[in-house]
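Below you'll find only one chain, the form predicted alone, shown as structure tokens.
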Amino acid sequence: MSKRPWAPDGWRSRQPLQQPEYPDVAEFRRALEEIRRYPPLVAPGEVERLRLRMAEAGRGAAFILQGGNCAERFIDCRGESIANKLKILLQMSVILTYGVRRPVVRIGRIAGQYAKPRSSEYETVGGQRLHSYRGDAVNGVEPVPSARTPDPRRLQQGYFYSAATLNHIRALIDGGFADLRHPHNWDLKAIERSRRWPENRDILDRILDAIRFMESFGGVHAEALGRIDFYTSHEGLLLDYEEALTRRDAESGLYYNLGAHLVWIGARTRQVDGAHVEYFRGIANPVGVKIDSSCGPDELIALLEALNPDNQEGRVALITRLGAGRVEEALPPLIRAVQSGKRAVVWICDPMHANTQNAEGGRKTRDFSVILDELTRTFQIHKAEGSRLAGVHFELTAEDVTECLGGGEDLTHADLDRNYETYCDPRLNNAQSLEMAFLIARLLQT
């Protein structure tokens, strides 16, 4: 962290981007004061454990899986929905562990991913000029002025939905939900329809056989098979809210954002002299930075100098979202800049955000094969440059949605209307997510 003086509200001296304007400022301030009095959602010790695990991933001793919804919805704060999200990440992590032969660090885009940046402040719907939907923590998705007006009470709702989600995740893990000895919990009906199922089934059988062998051999205690670490993350977009959940640790004197274990800066708000970088440089959490194809080596090094001047391992994750058609041109100069400066970074690939396309009718979609293409090229480039890809980042859901094309079920444009649910960006469904995990496992084994 920077040695320059820093305070949780120091970002206010900069011009913040992507912040909603609340018509009732007094009510907005009251909501923030309430949030400041709420208990933290995570503990500094948990945050430090994640930083150490991310440092291991940066050195090649672990691998990171980060995934979840593009934007969480308040209506999805239900027991079954939360359990399904946890299950898909657990299943993917087990498959990836088989592929990388290393522990997998599980980070969910969950319990706080309620705000989204938008390219325009307003949009026109049915002839009405409305505020753009910015996530449930800001306004409602319904295309009427009353719903689209930013409402500060939604910040408080977002806190409580995050707390309820995190509480249920912890209860599930403590209750043995993650026990690998129960293969019926896998529920692989969706992926069994894939044309690749025979070869994926072979991998799954070997995974389950290895688990049974370890247990029967006595090399793994029964309780270890049901206990996992699971971390939460979200984009730290709404700076007033993030500041309200920033607390000083009495023992270390460090400031932590205790709304999540990891928070990241989006591609739209990563200006080196901007308000978001100013806020993020002072918190002790591991932080992510979304890197798109507009980011050059000089900007990247300036970001790392601002966010991690002490070159601390596990402190900064660079989440590249370059696009399948641009990654071979854009990524090598960034890797070389990091290497020449001997910077400690954790490279993560987000192969989804730069590969969004508009289908007929205006729906956003993504093609499974293009997502896999960017990921494959990214792995190959890191290997060729003597670097290491430490993790992957996906927008995904455990539900049987039809938002992304392709995959084992070969979804087409005609399928999009069948079950298109996202409020923002398209997500991989259950079958596509598992299919991707199997493909990554094979990729890593080569």
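Start at 1 and count along the sequence shown; that's the residue number. Just so it is clear, the structure is predicted and the values come from calculations on it, not from any experiment.
One more form of this protein exists, namely the form predicted in complex with a small molecule; it is left out here, but the text below deals with it.
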{"property": "Within 4.5 Å of the small molecule in the model of the complex, all of R134, R154 and D240 (non-hydrogen atom)", "result": "no"}
{"property": "Residue stretch of 329 to 337, 298 to 306, 115 to 123, 156 to 164 approaching the small molecule in the model of the complex, non-hydrogen atom distance within 4.5 Å", "result": "115 to 123"}
{"property": "Partner-contacting position among H261, K85, H276, R109 - heavy atom within 4.5 Å of the small molecule in the model of the complex", "result": "R109"}
{"property": "Residue (of K290, R148, R281, H168) lying close to the small molecule in the model of the complex, criterion heavy atoms within 4.5 Å", "result": "K290"}
{"property": "Interface membership of L41, the small molecule in the model of the complex, 4.5 Å heavy atom rule", "result": "no"}
{"property": "The small molecule contact in the model of the complex: R321, any heavy atom under 4.5 Å", "result": "yes"}
{"property": "Non-hydrogen atom contact E403 with the small molecule in the model of the complex at 4.5 angstroms", "result": "no"}
{"property": "Exercise: C70 in contact with the small molecule in the model of the complex, heavy atom 4.5 Å", "result": "yes"}
